[in-house]
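The chain below stands alone, shown as structure tokens; this is the form predicted alone.
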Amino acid sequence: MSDLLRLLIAPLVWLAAFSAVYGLQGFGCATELNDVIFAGVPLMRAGLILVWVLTIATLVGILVWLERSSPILEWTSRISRITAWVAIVASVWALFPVTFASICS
């Protein structure tokens, strides 16, 4: 794998997840999925929380993979791990409002 991909994979996953969560929110509000209840929980909130949890799990998996693999250029190892940590923190911080905030108001 190229070192450029090592540097960019975690921020790109975060970017895709951020776009997906808020895109799904807009789609759900437009189609009134927020009114559908599944097992006592609004279906749209459950879906958004699932995407959030899967994003964090994916980013942790990427971080573990970065720790275990060796790059072609040594300096990219440390920077790629830093970008992975930044993506994890950004995902937790930017997407956790799906757990409690009003979705379609």
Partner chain sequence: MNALKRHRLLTQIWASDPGWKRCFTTVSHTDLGRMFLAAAFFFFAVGGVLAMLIRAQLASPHAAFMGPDIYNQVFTMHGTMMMFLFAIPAFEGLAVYLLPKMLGARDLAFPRLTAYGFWCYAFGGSMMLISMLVGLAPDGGWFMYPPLTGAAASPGINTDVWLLGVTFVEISAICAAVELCVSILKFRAPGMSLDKMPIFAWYALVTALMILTGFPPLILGSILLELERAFGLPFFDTALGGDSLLWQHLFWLFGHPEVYIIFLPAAGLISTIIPVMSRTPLLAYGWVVASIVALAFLSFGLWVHHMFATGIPHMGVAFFSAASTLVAVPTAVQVFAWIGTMWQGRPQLHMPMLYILGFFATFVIGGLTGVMLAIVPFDWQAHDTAFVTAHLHYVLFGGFVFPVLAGLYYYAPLVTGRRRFFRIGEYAFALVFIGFHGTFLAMHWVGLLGQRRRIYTYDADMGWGVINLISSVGSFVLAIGLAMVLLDLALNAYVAIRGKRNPWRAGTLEWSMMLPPSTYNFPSLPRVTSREPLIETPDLPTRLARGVGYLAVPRDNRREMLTVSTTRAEPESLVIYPGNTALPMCMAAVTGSFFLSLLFKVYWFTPFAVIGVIALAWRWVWGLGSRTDEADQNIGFGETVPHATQTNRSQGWWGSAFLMIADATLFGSLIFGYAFLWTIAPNWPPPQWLAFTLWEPLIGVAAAGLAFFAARQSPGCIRQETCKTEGTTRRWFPWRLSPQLALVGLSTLAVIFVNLLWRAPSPTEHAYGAVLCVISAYGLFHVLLAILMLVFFIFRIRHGFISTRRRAEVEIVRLWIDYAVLIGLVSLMLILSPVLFT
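The shown structure was predicted, so the numbers you read here are calculated from the model rather than taken from an experiment. Numbering follows the first chain given and starts at 1.
We do not show the form predicted in complex with the partner chain, though everything after this point is about it.
Contact between Gly61 and the partner chain in the model of the complex is not found at the 4.5 Å heavy atom cutoff.
Although the partner is absent here, Leu48 sits close enough that one of its heavy atoms falls within 4.5 Å of the partner chain in the model of the complex. Under a 4.5 angstroms non-hydrogen atom cutoff, the partner chain in the model of the complex has Thr76 among its neighbouring residues.
Heavy atoms of Phe38 never reach within 4.5 Å of the partner chain in the model of the complex, leaving it off the interface. Shown without its partner, the chain has Trp14, Leu15, Phe18, Val21, Tyr22, Gln25, Gly26, Phe27, Ala30, Arg45 in segment 14-46 as residues with a non-hydrogen atom within 4.5 angstroms of the partner chain in the model of the complex.
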